[in-house]
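Quick heads-up: it's one chain on its own, the form predicted on its own, in structure tokens.
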Amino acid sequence: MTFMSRNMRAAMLLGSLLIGASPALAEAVFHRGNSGEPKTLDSAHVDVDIEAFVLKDLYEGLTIYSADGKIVPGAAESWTVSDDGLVYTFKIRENAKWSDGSPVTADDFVYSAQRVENPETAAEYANILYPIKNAEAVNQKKVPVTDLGVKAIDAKTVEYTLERPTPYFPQLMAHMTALPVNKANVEKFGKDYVKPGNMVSNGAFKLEAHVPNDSLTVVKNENYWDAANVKLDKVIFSPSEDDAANIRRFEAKELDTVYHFSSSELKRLREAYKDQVHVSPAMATYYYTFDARQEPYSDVRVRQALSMAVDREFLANEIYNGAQLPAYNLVPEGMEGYGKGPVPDWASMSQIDREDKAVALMKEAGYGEGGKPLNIEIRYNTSTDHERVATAVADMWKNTFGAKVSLLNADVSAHYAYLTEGGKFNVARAGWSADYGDPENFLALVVSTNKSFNYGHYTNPEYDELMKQSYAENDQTKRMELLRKAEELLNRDQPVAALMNSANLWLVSSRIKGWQDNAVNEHLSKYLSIAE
């Protein structure tokens, strides 16, 4: 018989208990595929969804989206609206804190809004907050930043005064541009405040590590007001624009989710993974934009002809396997009070008739067979599907007009940075997902004063005036009529050629619980959990 000391027996018992408890104590880690590397983690300079997915895990606005895509209270526990619709007052949660334990205050939101609209910040998305009183004037250096219509009533109450009634304002407060930043943190580190070890955030997670083009790791924020209900310990974002590699990693169970995989794989994946394949309609438009600053794209006839010659049905059905729908106008369906927007008169023609009319227009403009040669470069962000679309469109333009078409691709960050910074181009691929459920969100893209997202620098005073009138119109029915007239002008001028209305494509592992498809494509990690 072997005798053990009391300490030895206690040690063995403790060891057995730890072994038995290990499954319950296992770290809950979500391996989240993200289809590209964020160009920044500064909310004043983000403009695409792959950046928003990360930012909204780290930071929380006054409002947020629920798992099913509805606006719900976030850092604010409640809000009220004045009778005239011009003043929104948000009550910030008493237990809302930054990751360093300091309280989230009304001054944080005042500072953050002023920082975005300050022209020195050069925020790409400053226009999203233009409904706030004096926001546009501040951003255009017409009035001082202190005139912005945001003020702290007390430490936990922030008030927003608007230029005009804006029914979708609570949606704007959930936008990535409206996320708060910690003033002391930004002032201490400057542009380096976004780095691990420096960043102070108020969301469900905090930044632990970031290896560009490899991984970005966030961990549970113990100071988050709702930390008790956050089930994940860690989220590892894996940025990659390689669709095939992302799918392989999902199949190898290295990734729990994959965003925006190639639609050419849709049939096979559905057969293999069934309900782990998610295809959900989105309020989003896939379009090509023309650089109106240079010939021949400054000629409306050339833009019309190029747009007409694109066989949208082929793109949607053959390239996207039905995961996209043909589109002829910029605003997708689903906007309350707007219905189905107007489309060009040629949308009802057969593709052959469209092409005949396109050839006639191009000849009238002096290009194509018997005229000046057409040399076109299509720019697009790296993606298997985007490449296939560009290749198909190039072939259509070659066959219809005898055009010589070349392709130029860049990673998503570089592509959009080039466009938002005013780089010249011929034709460029772009996409827009609704920031809020109102047609203005799409139609504002091509207002002449929109320096960030009017990529082709389209200018039409009549269009600008209609949009201006819509902002001043309080009657929703009349406002929608103005917006429809504005879209009719876009259909005529074709500064952008809407090609398809998009769907959100996701692979979601069965081990991920709490995932809900929604049209706004919002999927906060705080709602998710791991089931082994």
Partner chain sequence: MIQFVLRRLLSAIPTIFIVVTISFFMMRFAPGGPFNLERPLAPQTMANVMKTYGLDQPLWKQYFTYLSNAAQGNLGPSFVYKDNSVAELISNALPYSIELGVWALVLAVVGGVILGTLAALKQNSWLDYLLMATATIGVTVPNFVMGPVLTLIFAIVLGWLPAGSWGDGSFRFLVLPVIALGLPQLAVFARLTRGSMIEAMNTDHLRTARAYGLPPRVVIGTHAMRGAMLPVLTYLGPCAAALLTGSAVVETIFAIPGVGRYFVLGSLNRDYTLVMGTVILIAVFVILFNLIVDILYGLIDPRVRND
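Here, rigid core means the biggest group of C-alpha atoms that superpose within 1.5 Å across both forms. What you are looking at is a predicted structure, and each value in this text was computed from that prediction instead of being measured. Positions refer to the first chain, counted from 1.
Omitted from view is the form predicted together with the partner chain, to which the following refers.
Undergrad: Given a 4.5 Å cut-off on heavy atoms, tell me which of 76-84, 98-106, 370-378, 419-427 is the interface stretch with the partner chain in the predicted complex.
TA: Among the candidates, contact is made by 419-427.
Undergrad: Just one of 493, 473, 464, 37 has a heavy atom within 4.5 angstroms of the partner chain in the predicted complex, so which one?
TA: When the partner chain is considered in the predicted complex, the option within 4.5 Å is 37.
Undergrad: Which residue, 276, 223, 413, 217, is the contact with the partner chain in the predicted complex, using a 4.5 Å heavy atom cutoff?
TA: Selected residue: 413.
Undergrad: Among 212, 239 and 252, does every residue place a heavy atom within 4.5 Å of the partner chain in the predicted complex?
TA: Yes: 212, 239 and 252 each sit within 4.5 Å of the partner chain in the predicted complex.
Undergrad: If you check in the predicted complex, is residue 435 within 4.5 Å of the partner chain, heavy atoms only?
TA: Yes - in the predicted complex, heavy atoms of residue 435 and the partner chain come within 4.5 Å of each other.
Undergrad: Do residue 124 and the partner chain share at least one heavy atom pair within 4.5 Å in the predicted complex?
TA: Yes.
Undergrad: Using the partner position in the predicted complex, report whether residue 168 sits within 4.5 Å of the partner chain, counting heavy atoms only.
TA: The answer is no: residue 168 has no heavy atom within 4.5 Å of the partner chain.
Undergrad: I'd like to know if residue 294 sits close to the partner chain in the predicted complex, meaning any non-hydrogen atom pair within 4.5 angstroms.
TA: No.
Undergrad: Pick out the residues of 135-158 whose heavy atoms come within 4.5 Å of the partner chain in the predicted complex.
TA: Heavy-atom contacts to the partner chain in the predicted complex: 139, 140.
Undergrad: Residue 212: after superposing the rigid core, is there a C-alpha shift of 2 Å or more between the shown form and the other one?
TA: No, the C-alpha moves less than 2 Å.
Undergrad: With both forms fit on the core, is the shift of the CA atom of residue 420 between the shown form and the other one 2 Å or larger?
TA: It does shift by 2 Å or more.
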